[in-house]
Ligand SMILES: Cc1cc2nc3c(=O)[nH]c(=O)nc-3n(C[C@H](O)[C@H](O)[C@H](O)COP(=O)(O)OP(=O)(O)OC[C@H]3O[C@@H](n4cnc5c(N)ncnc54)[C@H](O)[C@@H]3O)c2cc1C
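A single chain, nothing else alongside it, follows as structure tokens in the form predicted alone.
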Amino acid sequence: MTASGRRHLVLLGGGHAHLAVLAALARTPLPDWDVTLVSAAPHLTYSGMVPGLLAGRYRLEDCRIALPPLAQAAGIRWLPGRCTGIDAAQRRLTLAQSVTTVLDYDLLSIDTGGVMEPDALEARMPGAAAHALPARPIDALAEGWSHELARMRRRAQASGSGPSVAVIGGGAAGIELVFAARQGLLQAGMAGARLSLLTGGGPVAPGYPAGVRRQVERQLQRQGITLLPSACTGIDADQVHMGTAGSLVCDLALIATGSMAPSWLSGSGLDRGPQGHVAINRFLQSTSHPEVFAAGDVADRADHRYPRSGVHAVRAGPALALNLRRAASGQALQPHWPPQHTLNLLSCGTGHAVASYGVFCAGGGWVWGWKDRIDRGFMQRHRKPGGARTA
């Protein structure tokens, strides 16, 4: 409760699901509640468009949604800060700003997006912290790519040969990144670039229908990208090591092996899933602390398994907005059931994409155009205060 005696809702993170919460608050404020949005950056970088950014299709500003104007429209406070710890028993979180800040809450909603903790990466792939660019957090990838592109261009000019780029991870993120990196290098004038995709020992596009895998493999072959069913065991300044499979000359390693739970959840007292994420129930509510809610990559449904993706985070947004409002007013919560099938669109560089829905799949330039329209429409809707759909 705040000093004024009003109760306090903290929205921790500017993730996809919180866009729907901000839109709902812009239309209908919470009476007798103070609301604070905490985010490390003043914007959300939309992950669906980042491969297009790397490919040279979009500018950085095309991929970002400013958060302070949305907070202002919702009549709430935006507080820049990075979470460093949660004490769920005391209903308190600690933020790193210019000075350490402690924030008390009556209700807490967590939507901080995916991370790849440097220490955990280093333990799995020695040298990764110093010599690789992880796919998460997404802001670091978006900003880091331009620096790496300039570095590789200078190196290529000095050596007279194109750079070598390895993408580690054969899932959706790795697939999109390797195609995007190839196109981005071509756009930057590095036609002799060599690209490799390391799948970690399994097939490319695991979890996707066989038809999707075949289409992705066909595009990899057409675009001259080497597919390696190997795991990365270490990275140094100019090589990726693959254990008994040898080493690969590499000017840049991009890591896309999946997001992890943030380290600040350790010691929070919140129930956590098998991989350390916040364990939530069908109401998007912590299984241990009913005043805490979570959605997106930071959350793990204890009762229902589904892939972590931006699609599920966006779809959870309206349900999260509704249940936060119901929790604030003491009403019964409503369950949220992710759909069994979702439309998945894998970009294979500008001009080609593969769509899948359940066992059905299709690919071509028209799919890429469809994805581009969907992504631009998402940005247009969510940049408008109150524009995101809610339940």
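In case it trips you up, residue 1 is the first one in the sequence shown, and so on. Source: prediction; values computed, not measured.
The next section is about a form of this same protein that is not shown, the form predicted in complex with this ligand.
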Have a look at Thr350, Ser47, Ser356, Asn323 for me and say which one sits with a heavy atom within 4.5 Å of this ligand in the model of the complex.
Ser47
Can you pick the one in Ala302, Ala188, Leu227, Val311 that has a heavy atom within 4.5 Å of this ligand in the model of the complex?
Val311
Would you confirm whether the three residues Ala123, Ser196 and Leu252 all fall within 4.5 Å of this ligand in the model of the complex, going by non-hydrogen atoms?
no
So if I measure heavy atom distances to this ligand in the model of the complex, which of the stretches 110 to 118, 279 to 287, 232 to 240, 212 to 220 falls within 4.5 Å?
110 to 118
Is there a heavy atom of Val38 no more than 4.5 Å from a heavy atom of this ligand in the model of the complex?
yes
Distance check, Gly127 to this ligand in the model of the complex, heavy atom within 4.5 Å
no
Closest heavy atom of Val21 to this ligand in the model of the complex, within 4.5 Å or not?
no
Given that this ligand is not shown alongside this chain, does Ile168 nevertheless sit within 4.5 Å of it in the model of the complex, heavy atom to heavy atom?
no
Does anything in 264 to 285 come within 4.5 Å of this ligand in the model of the complex by heavy atoms, and if so which residues, in order?
Trp264
